[in-house]
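One chain comes next, on its own, written out as structure tokens in the form predicted on its own.
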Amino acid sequence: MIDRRHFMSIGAGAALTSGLAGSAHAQAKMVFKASDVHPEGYPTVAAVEALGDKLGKATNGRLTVQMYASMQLGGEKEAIEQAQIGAIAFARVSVGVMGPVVDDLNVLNLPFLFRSTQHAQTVLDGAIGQELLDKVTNHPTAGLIGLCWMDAGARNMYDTKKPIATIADLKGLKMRVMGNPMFVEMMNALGGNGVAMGYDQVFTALQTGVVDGAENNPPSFVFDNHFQVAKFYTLTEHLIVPEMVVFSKATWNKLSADDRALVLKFAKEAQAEERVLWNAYQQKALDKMKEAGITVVSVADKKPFQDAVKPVWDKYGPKYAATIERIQAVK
């Protein structure tokens, strides 16, 4: 439930802040709520917490971050909605869920867009990445500030029924995807039945057979316990969907220019720090999968998968043709 009293107190504090001449020690204290669906210790959680620590030190405790990990404030859709009205300040969300909010981001949701995770990182670290963050910030109705990118590796298929070694093995499987029409259509094009569902519901859905499988990166599969019920994991790498940290525009508009600059500075540092944490965490997840006896399948030929999603590209690609061309040109 949204803590409206907290929201009102933030508003009152921010109004006081903007009314003062500007010396840091005279300004009101603000506690920024941050939401993440992942557990404590997860790279995105740790990176935002580190951002908060830096912010606290830089402002002598005037600005601090309170992290609510493990879906305490709901799923990613709820986090976006709460940030939009200023009930929370920071939301770490997938671009998959942000696509319906800011359409320009959907270019990153096209299957097999990136050649590798390294290619995706190079794109996001450059001009294209900054332009897409600016599209969030400048969006007329989103009510969010695009702060930085978070690495989420490559997404792969996993299920409770059987190994998926070829595209034929996907046929008829009910596969959870993020709540974005592009992903439902992608999964249907691959022969599965795409089921849009919030991340907070996936574990139970796998357990009860509401879905046969899902798709995500190794750390999410392991550290959110999906591996306890889904024993087959296939390295399709069909999507390399980044995540991002957004900030409530309602709260942002009440911050001084200096405070905004601090938030942006530490967010950029968080982007680089999370990537280092991610690499170590992903290896840890792969090791744990091996220990748990998960059947990990490498796909010998990805071309049938790539060919099958052509209808998704035909439908959505033309709108983003110029950006796609620029992304593919990045070495």
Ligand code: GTR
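In this text, residue numbers run from 1 along the sequence as written. The shown structure was predicted, so the numbers you read here are calculated from the model rather than taken from an experiment.
Keep in mind that the form predicted together with beta-D-galactopyranuronic acid (GTR) is not shown, yet the notes after this line are about it.
- Of the residues T236, N109, N217, Q82, just one reaches beta-D-galactopyranuronic acid (GTR) in the predicted complex with a heavy atom at 4.5 Å or closer; this is N217.
- Proximity to beta-D-galactopyranuronic acid (GTR) in the predicted complex, defined as a heavy atom within 4.5 Å, holds among H38, K54, K288, R275 only for H38.
- Among residues of the shown chain, E76 is one whose heavy atoms approach beta-D-galactopyranuronic acid (GTR) to within 4.5 Å in the predicted complex.
- Looking at Y199, you'd find a heavy atom of it within 4.5 angstroms of beta-D-galactopyranuronic acid (GTR) in the predicted complex.
- Within this chain, S94 lines the site of beta-D-galactopyranuronic acid (GTR) in the predicted complex, having a heavy atom no more than 4.5 Å away.
- Contact between E243 and beta-D-galactopyranuronic acid (GTR) in the predicted complex is found at the 4.5 Å heavy atom cutoff.
- Of the stretches 110-118, 245-253, 187-195, 174-182, only 174-182 has residues with a heavy atom within 4.5 Å of beta-D-galactopyranuronic acid (GTR) in the predicted complex.
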